[in-house]
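Next up: just one chain, as structure tokens, the form predicted on its own.
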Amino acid sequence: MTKKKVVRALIVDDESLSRQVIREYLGSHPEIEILGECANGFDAVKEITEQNPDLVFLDIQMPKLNGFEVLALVDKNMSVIFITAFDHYALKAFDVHAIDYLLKPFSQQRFDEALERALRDISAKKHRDFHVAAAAAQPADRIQERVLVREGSQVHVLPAETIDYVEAQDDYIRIQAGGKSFLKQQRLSELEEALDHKKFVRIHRSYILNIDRMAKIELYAKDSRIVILKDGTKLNVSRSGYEKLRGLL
């Protein structure tokens, strides 16, 4: 008789009762090894990064760092079963992208169905694109009020108002905030769409500016301008970027 491969799982939920229920339901599944439990998103990022689980039971609604933000900060080939009390956008996105989820409160039968599906994916080495589903689960008009940056297993939370400017650097962006620089793997255009367009302006193909940091605009060559920030930093401004600035100032 072939022995089933052990699947390493992590439970992430800020409600202790929910974690307890999942642990009890997993009691009838000896093929699952529980690596541990996390009560918040920060611990989840650390544990996922360090332990590399095969499967994560991930709560969506958590304080400080929600389930979608956790996913955005980790890049692992793992299966995820989302857990939610109710989120209209999330449920719709999960259905569209064939992502399984558990709607609280859930029964052992419903839990087993979701787990069986996840185990099939793991066995077939099929990894669904959870990042796409997570992005689709967010309301289209939601303004991103903070930017999350991971360094190793550490997470930096940067409130949007602390950002001076963002610079494109190949496949990364460099965020200047609070006198420090943070490197994040993300497209500049993606962040541009997420930030408040009344405060953050794409002044150049390489720069997004927080207009509250601008001191003045100077002409330094024909049709060429620079923005000088309050701390003296100088950034190039394209023609289209200048028109955007004029429209806001």
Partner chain sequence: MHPILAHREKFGLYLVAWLILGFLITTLAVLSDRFDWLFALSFSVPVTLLYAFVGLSAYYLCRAFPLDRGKLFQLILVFTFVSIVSSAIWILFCKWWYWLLNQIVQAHAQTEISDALITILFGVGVVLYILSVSVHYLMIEFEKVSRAERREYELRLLAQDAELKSLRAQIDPHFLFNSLNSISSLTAADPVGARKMTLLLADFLRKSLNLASKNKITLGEEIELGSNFLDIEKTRFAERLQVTYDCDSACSSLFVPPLILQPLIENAIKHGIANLVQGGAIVIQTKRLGSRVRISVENPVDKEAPIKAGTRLGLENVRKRLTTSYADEARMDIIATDTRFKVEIFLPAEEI
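Residue numbers count along the first chain shown, from 1. Computed from a predicted model, the values in this text were never measured in an experiment.
FYI, the form predicted in complex with its partner chain isn't displayed, but the following is about it.
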item	value
Contact of Val157 with its partner chain in the predicted complex (heavy atom, 4.5 Å)	yes
In the predicted complex, Met62 touching its partner chain (heavy atom, 4.5 Å)	yes
is_contact(Glu24, its partner chain) in the predicted complex, heavy atom dist at most 4.5 Å	yes
Proximity of Ser240 to its partner chain in the predicted complex, heavy atoms at 4.5 Å	no
Heavy atom within 4.5 Å of its partner chain in the predicted complex - residue from Arg117, Lys92, Arg110, Arg146	Arg146
Answer range among 183-191, 218-226, 24-32, 198-206 for contact with its partner chain, defined in the predicted complex as heavy atoms within 4.5 Å	24-32
Its partner chain in the predicted complex reached by all of Ser18, His88 and Pro105, non-hydrogen atom within 4.5 Å	yes
